[in-house]
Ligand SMILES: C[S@@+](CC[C@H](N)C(=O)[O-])C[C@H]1O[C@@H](n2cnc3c(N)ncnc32)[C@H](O)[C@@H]1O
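For reference, the chain that follows is the form predicted on its own, supplied as structure tokens.
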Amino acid sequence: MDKAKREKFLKQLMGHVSGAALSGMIYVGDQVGLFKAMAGAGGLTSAEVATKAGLQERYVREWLSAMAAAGIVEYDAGSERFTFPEEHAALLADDNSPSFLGGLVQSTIVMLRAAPRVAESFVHGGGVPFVEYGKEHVAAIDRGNRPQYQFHLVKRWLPAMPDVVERLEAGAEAADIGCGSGYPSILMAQAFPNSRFYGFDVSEESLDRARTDAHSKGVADRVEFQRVSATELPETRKFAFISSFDAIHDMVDPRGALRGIRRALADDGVYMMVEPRSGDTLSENLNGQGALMYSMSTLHCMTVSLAHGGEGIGTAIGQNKVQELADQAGFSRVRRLPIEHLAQAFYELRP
């Protein structure tokens, strides 16, 4: 045995275990309002943090110790005060920051709760249905995605397709497939008042959130959310623009979904397919992002598809797979849009 290699792996493994434990601590801090209480407040003692957040000091002190050891908050030994840097607060305290990751951490904890059920699927087959992840998972996904949509959808992503923007400004019908809580449709309805938008999903929990949000934003008259599978989209309505955000790889029948989208798309329409940014082979994904993708795939994306006898494409869907799905669905043109993003890839598909 190579002892040096063993010791190196030991440190690596302990880093992974520490990260998992810290995810739980970050989740707690997010849920009970500790990050928001510390944001912009300068140096605070554990007692001051506890008072500010309305929490038990002994728990807060231990939590702060973990955060300081991990470098998430800064600790001054002389004054025994803890400071939450504004650069860190942008990621963990500000839900409206484009860098906010609180929703991702929340989703991760929800997925970890499903690990025992996923383990059973390794033995018996099948998977864990989306509905079993519960309401918190729906809320966490929405919370994690909203800042990206809010800052980038209308200002950066859609302008990569000028003809789409032109048609939406003039007035057209558009659809979002696997719409979840519906925020992209709501944002587009606000930006393009002459157009009408439809959101299709199979999760009633997500659709209820979407309808409530559309009413609160004053666009319910131009945004309609329906419980419809991507394989059963209305053929009588031909949409000028269709989108899907991080949804196709989760689906039971992704090939059928793209065929349904092709049927529902006007002959001169455009489909924007957004999927995780991934290499086409395992060798290309042997990095931290790849480890996260394959883990999230096993704990959620792949298993929710396999739960219903689906294909289980998984999270690491590269450009070659997108091209394959598009070809089989009858799209004649596929283009990777020139949009830079750390985690997502953007494709333009045309009939």
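No experiment lies behind these values; they were computed from the predicted model shown. Start at 1 and count along the sequence shown; that's the residue number.
There is also a form predicted in complex with the ligand; it is not shown, and the following applies to it.
Against the ligand in the predicted complex, the set Ser23, Trp63 and Leu91 makes no contact: no member has a heavy atom within 4.5 Å. You can rule out all but one of 197-205, 166-174, 97-105, 216-224: in the predicted complex, only 197-205 has residues with a heavy atom within 4.5 Å of the ligand. Although the partner is absent from this view, Tyr75 stays clear of the ligand in the predicted complex, with no non-hydrogen atom inside 4.5 angstroms.
None of the heavy atoms of Gly127 is located within 4.5 Å of the ligand in the predicted complex. Shown alone here, Val228 lies within 4.5 Å of the ligand in the predicted complex, counting heavy atoms only. Contact check for Asn145: a heavy atom falls within 4.5 Å of the ligand in the predicted complex. The single contact residue among Ala240, Ala247, Ile109, Val154, judged by any heavy atom lying within 4.5 Å of the ligand in the predicted complex, is Ala247.
Listed residues Ala210, Met272, Ala264, Ile141 were compared with the ligand in the predicted complex; Ile141 is the one with a heavy atom within 4.5 Å.
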